[in-house]
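The form predicted on its own is given below as one chain in structure tokens.
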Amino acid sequence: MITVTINNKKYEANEGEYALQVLKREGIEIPYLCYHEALSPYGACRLCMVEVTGGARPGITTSCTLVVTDGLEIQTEAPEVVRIRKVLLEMYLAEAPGSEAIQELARKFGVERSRFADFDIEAKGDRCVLCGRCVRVCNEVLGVGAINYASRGTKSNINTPWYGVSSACIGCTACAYVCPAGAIDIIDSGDERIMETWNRTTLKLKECVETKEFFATEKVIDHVYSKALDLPEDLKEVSAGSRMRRRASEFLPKYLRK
């Protein structure tokens, strides 16, 4: 274990972990968008910046990419850090005015309105903040690569290749799960999952043999079985809810007999 100082108070940390991980564990509030514990550090949104005042090169840097070392000293509420944070939140409000999650985050850190409200967001939609979480989970975790960044400058956006229906998308919904802005729309209709945000890419859903509920896309099931070859075959046919009920029916009689 090593010792780091945050806002003039000492904390224990694990050597090699990132400063943002320490801040989160200790309950020290700091905003962030691009960071997710399941993904590699990215440092794109810049919201998690802190001021390094000792134990490392002084200056302002992103805490999600700052590896802690023994004796590191940082400030999360230094005047310049707070100023930059508020400007960034104003920019995100302008870029994603339709995102309630971004509005809530901005309010939490003292930003109610944006000076940049006339920012050109036509190509980006009104909720996406280009944090890249969806792209990274699709590439890093799933290895699918169905979406990526497109265009440049104020027209930058995240989309499928050639802005068309994706043949690579498996409909796993991981992109929507990690999105911090609620910018990805997915609709289940009958036996289909429609990835509205990804140009209405549509995938067939699998029906549970027990409950007749649709529980996952056929592509997701095939993808899982391609990565884990030793899974029992019946998992392809039974939903998670049905498997839980099976477990309960097997366990409860034994438990009640005790």
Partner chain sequence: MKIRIFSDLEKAKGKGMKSLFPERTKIAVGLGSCGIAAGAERVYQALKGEVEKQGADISVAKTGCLGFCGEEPLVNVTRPGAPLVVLHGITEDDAREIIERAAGGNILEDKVFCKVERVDNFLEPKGIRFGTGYANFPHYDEIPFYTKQHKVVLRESGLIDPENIDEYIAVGGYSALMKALVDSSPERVLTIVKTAGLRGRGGGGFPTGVKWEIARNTPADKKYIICNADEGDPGAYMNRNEMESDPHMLIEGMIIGAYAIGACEGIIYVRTEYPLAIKRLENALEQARAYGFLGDNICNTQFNFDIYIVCGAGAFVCGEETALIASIEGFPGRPRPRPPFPAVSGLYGKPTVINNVETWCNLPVIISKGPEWFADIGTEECKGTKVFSLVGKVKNVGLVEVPMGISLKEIIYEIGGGGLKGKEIKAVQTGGPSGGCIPATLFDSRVDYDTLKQVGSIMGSGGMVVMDEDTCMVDITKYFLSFTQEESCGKCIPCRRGLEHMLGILEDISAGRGEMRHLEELEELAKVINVAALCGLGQTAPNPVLTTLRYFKDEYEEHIIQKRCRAGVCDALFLAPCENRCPLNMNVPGFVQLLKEERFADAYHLILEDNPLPAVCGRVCHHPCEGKCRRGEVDGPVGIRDIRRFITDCVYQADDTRELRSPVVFPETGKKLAIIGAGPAGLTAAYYLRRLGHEVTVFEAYPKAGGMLQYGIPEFRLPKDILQKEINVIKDLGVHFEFNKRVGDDITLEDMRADGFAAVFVATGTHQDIPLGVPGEDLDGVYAGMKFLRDVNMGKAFQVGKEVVVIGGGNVAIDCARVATRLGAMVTILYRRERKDMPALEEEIHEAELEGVSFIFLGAPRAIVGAKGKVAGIEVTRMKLGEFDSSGRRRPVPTEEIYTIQCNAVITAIGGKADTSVLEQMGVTLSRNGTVQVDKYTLQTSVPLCYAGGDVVTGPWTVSDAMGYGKNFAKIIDAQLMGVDRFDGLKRDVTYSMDVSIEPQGGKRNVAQCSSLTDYTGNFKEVVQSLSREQALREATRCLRCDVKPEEEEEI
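Just so it is clear, the model here is predicted, and its values are computed rather than measured. Numbering follows the first chain given and starts at 1.
Only in words, not in the display: the form predicted together with the partner chain, which the text now covers.
When contacts are judged by a 4.5 Å heavy atom cut-off, G153 counts as touching the partner chain in the predicted bound form. Taking the partner from elsewhere, I194 is found to have every heavy atom lying beyond 4.5 Å of the partner chain in the predicted bound form. Mapping the unseen interface onto this chain, K227 falls outside it, with no heavy atom inside 4.5 Å of the partner chain in the predicted bound form.
V87 belongs to the set of residues with a heavy atom inside 4.5 Å of the partner chain in the predicted bound form.
Just one listed stretch, out of 169-177, 68-76, 126-134, 184-192, contacts the partner chain in the predicted bound form at the 4.5 Å heavy atom level, and that stretch is 126-134.
Contact check at 4.5 Å (heavy atoms) against the partner chain in the predicted bound form: none of I30, C48 and E51 pass.
When the partner chain is considered in the predicted bound form, only one residue from A101, V165, M91, L142 comes within 4.5 Å through any heavy atom, namely M91.
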